[in-house]
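First, one chain by itself in C-alpha cells, the form predicted on its own.
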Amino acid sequence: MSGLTDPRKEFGRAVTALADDNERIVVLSADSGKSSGFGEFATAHPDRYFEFGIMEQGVTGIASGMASTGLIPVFAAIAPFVTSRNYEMFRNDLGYMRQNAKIVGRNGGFTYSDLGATHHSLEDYAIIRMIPGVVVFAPSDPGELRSCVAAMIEHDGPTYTRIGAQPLPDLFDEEPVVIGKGRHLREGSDVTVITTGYITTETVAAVDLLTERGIGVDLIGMPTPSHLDAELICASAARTGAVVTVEEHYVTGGLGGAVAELLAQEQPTRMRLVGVPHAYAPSGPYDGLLEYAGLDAAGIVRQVTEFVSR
C-alpha cells in the first residue's frame, strides 16, 4: 500500500482527464458537483458543466435527453438519491431507452455513516442490477476506480458506478476493467471468497489473516457485480466446494444474491453471504458500522472460519 486516496477527487480527476480528449463528455450536478470531485472539471470545461440544484429525478431525465443527442452525460450525486429517489427515471428514461448516460453514486454503502439510514446506500446493487441493460461498477481501489471510469465511458449504454468517501489504499497493480470479468487475486483450495467495491480493503486484510491461520482462500474481485465472471466463479467453486461473498450492501439482492443465482443454476455450491443485516442500520462512525455488520477484517475472518469449519 502506498498512501491513501480520496475516491471522489480521484473520480473527478479521471473524468476530467478523459473529457480533455472527448468533447462528448458533459457533467451534470444536483447541487453537489464539488463534493463529487468535479471542481477541476468545472474550471477546465465550464461550457460542459451543468448545475441544476437538488432535483435528481429531473437531472436523470435531462441526462437521457442529452444522451439522445450523442453526448455522454456523467451525473454524480449522493448514492441513494441517484438510485432510490429517481428509480422510475433510471428504469424508464435510461434503462428502457438504452441511453448512454453514466450515473454515479458517491458516499455509497455506509460512508455517510453519521447521517443514518436515509443516507446509507445498502440496496443500490440490488435495485439497479434489476434494470435490464444497466452495468453496475464497484471499484475496489484507486487504480480500479480509474479503470472503471474508463470502462464506464467506453461502454455504449447506461451504467451505475458506486464510489465511497473513505480514503483508499492502493491494493493491486492497475489493470483495464472488462465488463463481466473478475480478477483472481489470491489462490487457495479451502474456500472461495468473492468481493466487490471498497470493502475489498477489509477483505484482503481478512484473507491475509486466514492464510496465516492455514485456511487457503481463492480470492476473486468482481468490479461489475451486475455482470459476473461465470467461468471464473464456477471454476473456483468447483475446486473449493465452498463460496463466501463479502460486500458493503444488504445480504439480500446484491453480489451475494447474484452469485447464488449463478451457482444454483451452473455449479451448486454451499455458500455464506457476508454483508449488512437486512434492517435499518444505526448511525455512527464508519468503522463502527463495519464492525456492527461484521464487515471489518476481524468480522470477516470470524464468519469465514465458522463457515469452513462446519
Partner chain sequence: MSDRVANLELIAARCRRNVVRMIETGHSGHLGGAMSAIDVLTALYFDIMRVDPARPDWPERDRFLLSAGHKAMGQYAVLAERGFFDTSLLDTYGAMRTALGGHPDMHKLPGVEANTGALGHGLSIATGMALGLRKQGIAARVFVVTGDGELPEGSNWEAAAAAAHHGADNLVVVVDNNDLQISGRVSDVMSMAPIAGKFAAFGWATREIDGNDMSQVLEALDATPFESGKPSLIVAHTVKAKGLAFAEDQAAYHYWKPKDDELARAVAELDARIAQLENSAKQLEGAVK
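Numbering follows the first chain given and starts at 1. All values derive from a computational prediction rather than experimental measurement.
Below, we refer to the form predicted together with the partner chain, which is not included among the displayed structures.
The candidate spot formed by Arg183, Leu228 and Tyr250 is out of contact with the partner chain in the predicted complex: none of the three has a heavy atom within 4.5 Å. Per the 4.5 Å heavy atom criterion, the partner chain in the predicted complex is contacted by stretch 43 to 51, the sole one of 239 to 247, 43 to 51, 30 to 38, 272 to 280. Although the partner is absent here, Tyr96 lies within 4.5 Å of the partner chain in the predicted complex, judged by heavy atoms. Residue contact check for Asn92: one or more of its heavy atoms lie within 4.5 Å of the partner chain in the predicted complex. Proximity of Thr69 to the partner chain in the predicted complex: non-hydrogen atoms within 4.5 Å are present. In the predicted complex, at least one heavy atom of Ile62 sits within 4.5 Å of the partner chain. Of the candidates Glu212, Glu88, Asp114, Asp173, Glu88 is the one whose heavy atoms come within 4.5 Å of the partner chain in the predicted complex; the others do not.
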